[in-house]
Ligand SMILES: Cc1ncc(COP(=O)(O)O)c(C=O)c1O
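The data below hold one chain only, encoded as C-alpha cells and taken in the form predicted alone.
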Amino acid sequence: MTGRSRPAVGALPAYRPGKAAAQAEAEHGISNAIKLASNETPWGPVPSVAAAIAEAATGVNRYADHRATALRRALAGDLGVDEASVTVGCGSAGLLQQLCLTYVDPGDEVVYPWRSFEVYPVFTQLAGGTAVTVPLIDDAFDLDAVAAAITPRTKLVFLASPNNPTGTAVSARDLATFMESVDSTTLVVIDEAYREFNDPALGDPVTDVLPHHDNAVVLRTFSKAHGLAGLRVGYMIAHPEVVAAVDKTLLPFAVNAIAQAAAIAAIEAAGDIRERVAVLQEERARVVAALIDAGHAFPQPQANFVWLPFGGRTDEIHLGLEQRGVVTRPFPGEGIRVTIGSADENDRFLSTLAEVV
C-alpha cells in the first residue's frame, strides 16, 4: 500500500463524465460518432468571445486575478446586485465543492432530492457529511418532503433547477414558499446550471428569492448556454457573508485568465447567446414532439437535454445507440439523458433510437 488515503476518499463514488465520441469509436470499431452525453452546446464560442479568448491567451505567462475582480463587477452589473454578493469559481461544480468545504463538518447533513446531479454525494462524502436524499415524484422534486427532511444538523440543501438528469424545474414562487420553512442556519443552494433554457414564466430566484432570504444561494455557469464548458467558470450569488466565507476555500487562481476574459465577453455578447439558446429551444421542441409521436413518455424538459426513463431497458438501449455512433448518458436501470445537439445530430439520434427501440 502506497500512502494512506482518508477513508472518506477510499469510499467515494466516482464521478462519471459523459463518454467522448472518440472513445466510443475506439470501443466499438466505428466512425463518425456524435456525442450527446454531456449537455454541451454543439457550437464553439460566438465570434466576439473567441476573439477575447485568443487575446487573453497571449498573457498566460502571468497569473490571473485571483478574485476575478472585473468578472465579478460585470456579473454584478448584469444581475443588478451588489458586487459583494457575487463570487466566481471553477465551474458551478467547483463552487459546490467550496460550499461543502466551507460549511460541512463530519456528521453534518446535506439534503437533496435524488436522482440529481452526481457530484452532490461525492462532495458531501468528501467533506465527511451525511447525505439525506429525498425521492423524486414523477421525475420532479417534492419540496414538502425536502422540507420535512431538514433537521438541526442540516447545513446545506441542494436543489438543481432544472434538475440533472430529469430536466424538471421548480418555479421561483415555489422556491420562495419552500424557503419560509427553512431555518436561517441552513443554506439552500439553488443550482441553475441550465437556467438559460428555462421557461421565463418560472421566474428568477435572484430577484424573487434572494432579496427575502439571506440563506438562499444561487449557482450559475458559463459552461452550457454560453458554450464555455472547457474553460470552467461558474458564479454564485448570495449574501455577502456567504460569499466572503466561500471565497476562503477558493483554490488560488482557480479561474484562469482565459476563462475570465471569455466570461466577460460572453456577458457583453448576451444578444448572440440568446439567439443560440433560442435555436436550441426550437430544436428541443422538435425533438420532444418527435419522441411523443413515437410513443415515448418523459417529463417536459426545461434544460438542453431530454430524459428518457427506460427503466430496465436503459442499458440495452444505450448500448444499441452507442454501437451505432450515438453517444448518450446512461443511468443504469433508470434512464438515458440525451443532449439537444445540432439539427443533424438530433435527426440522427431520433432515427437511431427508432431503429434500436
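Source: prediction; values computed, not measured. For every residue, the number given is its place in the sequence shown, counted from 1.
Keep in mind that the form predicted together with the named molecule is not shown, yet the notes after this line are about it.
Consider Ala262 of the chain shown here, and say whether it contacts the named molecule in the predicted bound form, taking contact as heavy atoms within 4.5 Å. Residue-level check for Ala262: no, no contact with the named molecule.
With the partner left out of view, is Val189 within 4.5 angstroms of the named molecule in the predicted bound form by any non-hydrogen atom? Val189 lies outside the contact set for the named molecule.
Evaluate Ser223 for contact with the named molecule in the predicted bound form, applying a 4.5 angstroms cut-off between non-hydrogen atoms, and reply yes or no. Taking the distances in the predicted bound form, the answer for Ser223 is yes, it comes within 4.5 Å of the named molecule.
Any non-hydrogen atom of Thr124 within 4.5 angstroms of the named molecule in the predicted bound form: Answer no; every heavy atom of Thr124 is more than 4.5 Å from the named molecule in the predicted bound form.
Spell it out for me: taking the named molecule in the predicted bound form, does every residue among Tyr112, Thr133 and Leu143 have a heavy atom no farther than 4.5 Å from it? No: no residue has a heavy atom within 4.5 Å of the partner.
Thinking of the named molecule in the predicted bound form, which stretch from 124 to 132, 191 to 199, 240 to 248, 75 to 83 has heavy atoms inside 4.5 Å of it? Heavy atoms within 4.5 Å of the named molecule in the predicted bound form occur in 191 to 199.
Counting non-hydrogen atoms within 4.5 angstroms of the named molecule in the predicted bound form, say which of Val255, Leu99, Val157, Ala160 makes the cut. The residue from Val255, Leu99, Val157, Ala160 that makes the contact is Ala160.
Just to be sure I understand the contacts: of Arg286, His213, Arg276, Arg232, which is the one whose heavy atoms reach within 4.5 angstroms of the named molecule in the predicted bound form? None of the other options qualify; the answer is Arg232.
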